[in-house]
Ligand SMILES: Cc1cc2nc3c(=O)[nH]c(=O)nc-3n(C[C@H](O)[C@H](O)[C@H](O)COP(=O)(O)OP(=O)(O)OC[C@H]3O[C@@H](n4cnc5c(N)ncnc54)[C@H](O)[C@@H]3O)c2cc1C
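Let's start with one chain on its own, the form predicted alone, as structure tokens.
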Amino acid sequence: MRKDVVVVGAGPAGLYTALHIDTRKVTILEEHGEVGSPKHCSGIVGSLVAREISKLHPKIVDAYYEKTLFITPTGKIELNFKKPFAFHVNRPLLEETLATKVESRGHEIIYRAKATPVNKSSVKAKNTVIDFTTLIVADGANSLFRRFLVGDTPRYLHGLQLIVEAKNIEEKTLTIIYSNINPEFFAWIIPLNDEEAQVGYASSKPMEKVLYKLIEENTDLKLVGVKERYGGLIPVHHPLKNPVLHGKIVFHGDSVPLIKPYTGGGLYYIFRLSPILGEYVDRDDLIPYSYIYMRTYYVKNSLERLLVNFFKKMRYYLPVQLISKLNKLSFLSLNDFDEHYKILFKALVFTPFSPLLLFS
């Protein structure tokens, strides 16, 4: 069997790219029976991405936040904005909306079709070998195609999330908990309304009792009951310098992985790069896309990773203290939540003056 453009994975990366392919026929291979399942993402984005997502469906962005409470081993820090700076995305609705729009463009999604690589020109799904002209690999953090085609092993943290009924929810406040109990990453409390919240944390071996302990010892949140449990992977290996192989295979999304290294969020890069990738897939020329990726987005992400590694060697939560001071000095903008390289660079600039900033 031969297909023109094959996309492996019907997550946001695969679907949003397919939505921007106009002149070629796209076939999306999805291993699950529906899009948006199983859930795994925290769904927090900044204003830049929220604006783009809201154009797809007005109800996908279902909550916003004006304050972040950072809880660190040395104390609590509040970061206040006069306007919403972070937004919660209903991920199942996002993917359902994208799937509907993709199919309305004449592209096809084949469900329960787990794809495996055969060679640089073919994949296999449902016991059928499919030859392709272009392959877009969007199979997530634990990418089988990256292992096979690139030859390296993805590394990642495991995320654990719960949808809980709770009391004492601060509805417009994101809570981030840094703790010596969990030095690999942080825990989070994301209010969904005045009665429900999304709580979670990531580590190499997350345990529900550790999450309860982090919340109980650091916050006033009172858990009433657990409505839903789910997990996910946060890739921590280095992104591909060039995501294009053999001129016809391109890695996208968490398979690269191109994420914000301080928070693990990947939607920013997906919504920035997918329209560009779709344009060059239409042209049947991926080389210009690889240049744009490497010269702009790979450089930005590498800077973010460099600065995150720098701060991890000092104190992982040190940027929080500096960012708080920068915010009070009006050095931050709402878009900094999306473009971490800017906020981390601002923090780095002030690092030589950190004693003055921290104790002023």
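When you see a residue number, it is the position in the sequence shown, counting from 1. All values derive from a computational prediction rather than experimental measurement.
Below: the form predicted together with the ligand, not depicted.
Segments offered: 292-300, 325-333, 40-48, 58-66. Contacting the ligand in the model of the complex at heavy atom distances within 4.5 Å is 40-48. The candidate site formed by Gly9, His32 and Ala113 is fully in contact with the ligand in the model of the complex, as each residue has a non-hydrogen atom within 4.5 angstroms of it. The partner is absent here; in the model of the complex, the one residue of Pro239, Gly265, Pro206, Pro154 having a heavy atom within 4.5 Å of the ligand is Gly265. Checking Thr72, Gln161, Thr134, Asn90 for any heavy atom within 4.5 Å of the ligand in the model of the complex turns up a single hit: Gln161. With a 4.5 Å cutoff on heavy atoms, Ala13 counts as touching the ligand in the model of the complex. Though the partner is left out of this view, Gly253 does reach within 4.5 Å of the ligand in the model of the complex, counting heavy atoms only. Although the partner is absent from this view, Val281 stays clear of the ligand in the model of the complex, with no non-hydrogen atom inside 4.5 angstroms. For the chain shown alone, Pro243 is not a contact residue for the ligand in the model of the complex, no non-hydrogen atom being within 4.5 angstroms. Of all the residues from 218-242, those having a non-hydrogen atom no more than 4.5 Å from the ligand in the model of the complex are Gly232, Leu233, Ile234.
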